[in-house]
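Only one chain is shown below, in structure tokens, and it's the form predicted on its own.
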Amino acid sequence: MTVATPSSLYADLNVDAIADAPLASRTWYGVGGKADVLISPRDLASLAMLVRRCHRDQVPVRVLGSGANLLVSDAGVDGVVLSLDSPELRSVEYNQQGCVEAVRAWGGASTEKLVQELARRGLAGLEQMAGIPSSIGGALAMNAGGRFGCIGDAVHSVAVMTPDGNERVFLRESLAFEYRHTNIPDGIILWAVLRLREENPITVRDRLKEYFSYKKNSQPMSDASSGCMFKNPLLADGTRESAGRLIDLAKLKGFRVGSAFVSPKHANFIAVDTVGGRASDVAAIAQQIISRVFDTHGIMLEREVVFWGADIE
């Protein structure tokens, strides 16, 4: 552990902590180094106190969700990495009486599991997230989604723990959910209330299967990847162009740098060899794709995948 992350930050709190914690196995890429310390707060009070102390001592704090849409440097990351995987911080709450029009999902909850459970209960409104691996907090932070919509479509309100450890609630009317962007303030997303409607469970499940089938057939879901590497760029006429199409037209399908390669199935997916894979190769190929696409089309791509680590950020 580094001097920047002393155990005094959390030793007296109700948390589980792992020093020099390997992160590779916790990400979809399966590559990357260690965290100074990985901390799982067991309750909200401990999380708040830890965040306050890190803010006071200027210790970096990162939140690890499902590990999708993330690349961790081979050298690892300093500071505190938070995992909101305790029962309290990944719970989903349903009202006990009357018609269910909303649920409260905490930030650590699995979006995939929630989508399936809602379908089982005959609750519609989140099927657009079928096949999108994420935690609720991670999905909200980037307004994750796809062809059929985004998570912001279902949001009623969001609670955020600010860097000074205080909790603030934002109603939908004050929030903007745009393509892979939201104005949710910096901090840790604690929970969201999602608007739903009761519907025949068979109808909801059928729609879910349709959406998931589309994703399975159009994307290389079996590769060691992290989803789409780049956002679809906004053109001068206000429309968005497919980043995958631009990469394909630049003749980069199958292009390789070390252990990383552009998927032959979908050019916006960068995969990595499951044996001997390196985050530095993924970062290098991403930069080369940006350069080649700009040279070919005059369009600058912007990453969708989040990079952690001073040498690749």
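Residues carry their position along the shown sequence, with the first being 1. All values derive from a computational prediction rather than experimental measurement.
Heads up, the form predicted together with a small molecule isn't pictured, but that's what we're talking about next.
Participant: Can you work out which of 123, 132, 243, 154 has a heavy atom no more than 4.5 Å from the small molecule in the predicted complex?
Facilitator: None of the others qualify; the residue that does is 132.
Participant: Just to confirm, with a 4.5 Å cut-off on non-hydrogen atoms, which of 187, 79, 76, 233 contacts the small molecule in the predicted complex?
Facilitator: So the residue touching the small molecule in the predicted complex, by this definition, is 187.
Participant: Counting any heavy atom within 4.5 Å as contact, can you tell me which stretch out of 63-71, 253-261, 283-291, 50-58 lines the small molecule in the predicted complex?
Facilitator: So the stretch in question is 63-71.
Participant: If the criterion is a non-hydrogen atom within 4.5 angstroms, does every one of 102, 175 and 182 touch the small molecule in the predicted complex?
Facilitator: Answer is no for this spot.
Participant: In the predicted complex, does residue 142 have a heavy atom within 4.5 Å of the small molecule?
Facilitator: Flag for residue 142 set to yes.
Participant: Consider residue 312 of the chain shown here, and say whether it contacts the small molecule in the predicted complex, taking contact as heavy atoms within 4.5 Å.
Facilitator: Residue-level check for residue 312: no, no contact with the small molecule.
Participant: Wondering, does residue 119 line up within 4.5 Å of the small molecule in the predicted complex on heavy atoms?
Facilitator: Answer no; every heavy atom of residue 119 is more than 4.5 Å from the small molecule in the predicted complex.
Participant: Is residue 162 a contact residue for the small molecule in the predicted complex, using a 4.5 Å heavy atom cut-off?
Facilitator: Heavy-atom contact with the small molecule at 4.5 Å: absent for residue 162.
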